[in-house]
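A single chain comes next, written as structure tokens; it is the form predicted on its own.
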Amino acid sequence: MKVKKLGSWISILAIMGLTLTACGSNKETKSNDAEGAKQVTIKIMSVSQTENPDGPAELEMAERYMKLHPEVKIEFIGVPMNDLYKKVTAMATAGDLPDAFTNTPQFIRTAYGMNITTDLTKLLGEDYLKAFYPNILEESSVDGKLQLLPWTAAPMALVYRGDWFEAEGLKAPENWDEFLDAAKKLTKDTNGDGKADQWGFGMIGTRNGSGADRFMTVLRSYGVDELKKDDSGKWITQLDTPEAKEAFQFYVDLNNKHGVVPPGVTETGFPEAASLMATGKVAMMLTGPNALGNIISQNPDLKGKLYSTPIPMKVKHTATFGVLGYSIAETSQHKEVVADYLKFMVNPENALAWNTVSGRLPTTIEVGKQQQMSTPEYAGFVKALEYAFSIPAFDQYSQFQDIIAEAYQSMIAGNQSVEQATKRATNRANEVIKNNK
């Protein structure tokens, strides 16, 4: 199935390649003129290289760039998303950063504080950046300096089996009560052995950023800010509020009380949850649009059966931007070369082709208006961008992911009550706030 998907991607690239050949004679001439010139090697640390179908597709795009620019050689260093921040920090400490590395809004302030990122506003120019959604550029900047070129957006939304919902006469859930009703209806014993083998919700319950970011949107839907500034400008947390405790209890009850989540939730990360949906074991999951590419690459028969809708609300809909992009290392000796490759990655043809393969949304305004963004698969994600909240401008924000994840895991495991878990989370949050400089 993956081969079939990759074949589609290669076909897209082949068509694009013909187009570029037809209208890109200047680039070909430039490439030919450069033959014999000293080759420049740029190294890029990429989380996409550890994922399918993203990794092969990104490599294919780089190879096409290198054909147009034979004076450039691109080498990738693959690193899993959950190891990215530690890897970047370790390599920066060792003075061994590659020319560019995957970065996120959650980590840009930490990287900025380490002085390891290039100001892309200055390098790329403000005129070029006018093509991007302004709020996505803001999300990718620190002190007005663009820290990563936003390659894709993956706003968090609810992906659900549209065909199953229609068969049960269900509507896309607008609030958490409707979500729970649907999850209960779609948790079934389909083979008559007396045990559930289909579940309503594919919860990602691992103790990492992947699990924490999902619960963070639930928390926000209850009107809770894990971190915010009060009226005096002081950082505070709302993890000890009644609304926060209600959100934690609802989320944990989906597994512990209602049984609408498959067994092994604390070990269920994104790959496992996506596989559960691909194999028809779960009906819903909170995720970005990148899950669509992953799931359909595993099971092409689900094409057209997966719908999306904004995250159900308690008091409001919410979403993360899910921006993913590349930072250029301040130590790179080839900043202009890397910048040219990054521009190639986000041009309209490549952005639409990447959306087809990975499901991730483009970050430029004109590309976002294309028809393929309005299908039932993507309409909910595009709508979710209206509810996206910005990551707090707090240097150590990434620590809140572990604080949140530890709390729901301890409750799921039955080690702590909601009172105990939120008290510990609040104490840890206040300690981080106290130590922030």
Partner chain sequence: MLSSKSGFKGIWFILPAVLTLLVLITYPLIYGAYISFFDTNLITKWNFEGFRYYKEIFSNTEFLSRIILTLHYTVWVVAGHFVIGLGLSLILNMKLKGITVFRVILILPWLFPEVVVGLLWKWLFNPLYGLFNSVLMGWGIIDDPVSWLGDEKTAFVAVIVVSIWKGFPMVMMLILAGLQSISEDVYEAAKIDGCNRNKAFRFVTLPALMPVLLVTIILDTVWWFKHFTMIWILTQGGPGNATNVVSIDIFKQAFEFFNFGKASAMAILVFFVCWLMGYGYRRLLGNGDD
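Positions refer to the first chain, counted from 1. Fair warning: this is a prediction, and the values are worked out from it, not measured in the lab.
Keep in mind that the form predicted in complex with the partner chain is missing from the display, and what follows is about it.
- Relative to the partner chain in the predicted complex, residues 135, 375 and 389 are all farther than 4.5 Å at every heavy atom.
- In the predicted complex, at least one heavy atom of residue 207 sits within 4.5 Å of the partner chain.
- Although the partner is absent here, residue 399 is a contact residue: one of its heavy atoms lies within 4.5 angstroms of the partner chain in the predicted complex.
- Using a 4.5 angstroms threshold between heavy atoms, residue 121 stays clear of the partner chain in the predicted complex.
- The closest non-hydrogen atom of residue 199 lies within 4.5 Å of the partner chain in the predicted complex.
- For the residues 300, 80, 264, 271, the 4.5 Å heavy atom test against the partner chain in the predicted complex is passed only by 264.
- Scanning 141, 350, 332, 110 against the partner chain in the predicted complex with a 4.5 Å heavy atom cut-off leaves one residue, 110.
- Of the candidate stretches 66 to 74, 45 to 53, 380 to 388, 407 to 415, only 407 to 415 has residues whose heavy atoms lie within 4.5 Å of the partner chain in the predicted complex.
- Contact residues in stretch 273 to 303 (any heavy atom within 4.5 Å of the partner chain, taken in the predicted complex) are 276, 279, 281.
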